[in-house]
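Here you get one chain, nothing else, as structure tokens; it is the form predicted alone.
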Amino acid sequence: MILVTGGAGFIGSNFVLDWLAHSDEPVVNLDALTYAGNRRNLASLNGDARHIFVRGDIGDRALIDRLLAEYRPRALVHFAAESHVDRSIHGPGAFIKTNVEGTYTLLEAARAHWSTLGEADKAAFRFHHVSTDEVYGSLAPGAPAFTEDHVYEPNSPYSASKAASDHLVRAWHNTYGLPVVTTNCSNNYGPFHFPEKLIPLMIVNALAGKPLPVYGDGQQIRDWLYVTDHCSAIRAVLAKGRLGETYNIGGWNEKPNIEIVQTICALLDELRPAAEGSYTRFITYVKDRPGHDRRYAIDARKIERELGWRPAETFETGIRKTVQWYLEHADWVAEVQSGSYRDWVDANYAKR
């Protein structure tokens, strides 16, 4: 049995589906079902006894203690987080509460549970903390990609809150001996991605004939990782990663944002052509967000060298699968674009 936090969100739900596709080991899935959590992501598991869903907050210590005592998981895989930079600029408090205080609560509950285990179970237990490359800050053009030894230089409330949680996980290992592993991933994309992030936002806006807002000059560079590749990397680290170590997970796909938008438009022109011409006509440059990091790039050689992991998808294969998924799941998109979603888009983009 493993316990997954945030398993109804984008990456978390993909991980739960991927885990149960590769293993019969059951999953207890804890998610608070905030705006980005969606039980519909997990609809294919309805009636599957291997999947136990619990609605709850990672900050609820009594709930965490009860789940650990009742299910006695051999691992806790921690995805639950507030994760959108723009939202962190508008409301940083929620990021401190979930990402810092929530991680602290999980660590303390896990430590208390772990201390009660027999020696064999103690040795086998893992606390896997899922983090981001944004903790490393921004890279200059031509600078070497982020390695696991790169200094932390977070530049947004989101990345600062994740950096703080990373430090807590490290401290709980070094101070208390809690068996932890940490993974820092690059930008994920794929199915079930909430349409506030770049790729799904561009897809759904283009199909709706709405502007495709590109921050600044669109030359911000990110490394793109297809979400199922991320899932397979987490499985590898959970199975074979060295205790106390950090593993960077990247897709080896550095691309500027404007190229991503143009690629999406080209795929939509091919797969769902519009009568009026190319979707590129909707591209609109808007005022950049404060403190926008210019470039991220992941050096993923450590996980390849130690664990034999490499991404299976190229960006070309992954982005085509992603666009096709959104075309085939218009009902899912319509459901998540609630009134609160529309209010958020208006608040973030209306004055840019």
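Residue positions are given as counts along the sequence shown, with the first one as 1. What you are looking at is a predicted structure, and each value in this text was computed from that prediction instead of being measured.
Below: the form predicted together with a small molecule, not depicted.
Engineer: Hey, of 67-75, 235-243, 131-139, 268-276, which bit sits against the small molecule in the model of the complex at 4.5 Å between non-hydrogen atoms?
Structural biologist: That would be 131-139.
Engineer: Consider the chain as shown here, without its partner, and state which of T263, N187, S88, T228 has a heavy atom within 4.5 Å of the small molecule in the model of the complex.
Structural biologist: Residue within 4.5 Å of the partner: N187.
Engineer: Answer for P26 alone: is it within 4.5 Å of the small molecule in the model of the complex, judged on heavy atom distances?
Structural biologist: P26 lies outside the contact set for the small molecule.
Engineer: Wondering, does L3 line up within 4.5 Å of the small molecule in the model of the complex on heavy atoms?
Structural biologist: L3: no, not in contact with the small molecule in the model of the complex.
Engineer: May I ask you to state whether G291 is within 4.5 Å of the small molecule in the model of the complex, using heavy atom distances?
Structural biologist: Because no heavy atom of G291 falls inside 4.5 Å of the small molecule in the model of the complex, the answer is no.
Engineer: How about I283: is it within 4.5 Å of the small molecule in the model of the complex, going by heavy atoms?
Structural biologist: Answer no; every heavy atom of I283 is more than 4.5 Å from the small molecule in the model of the complex.
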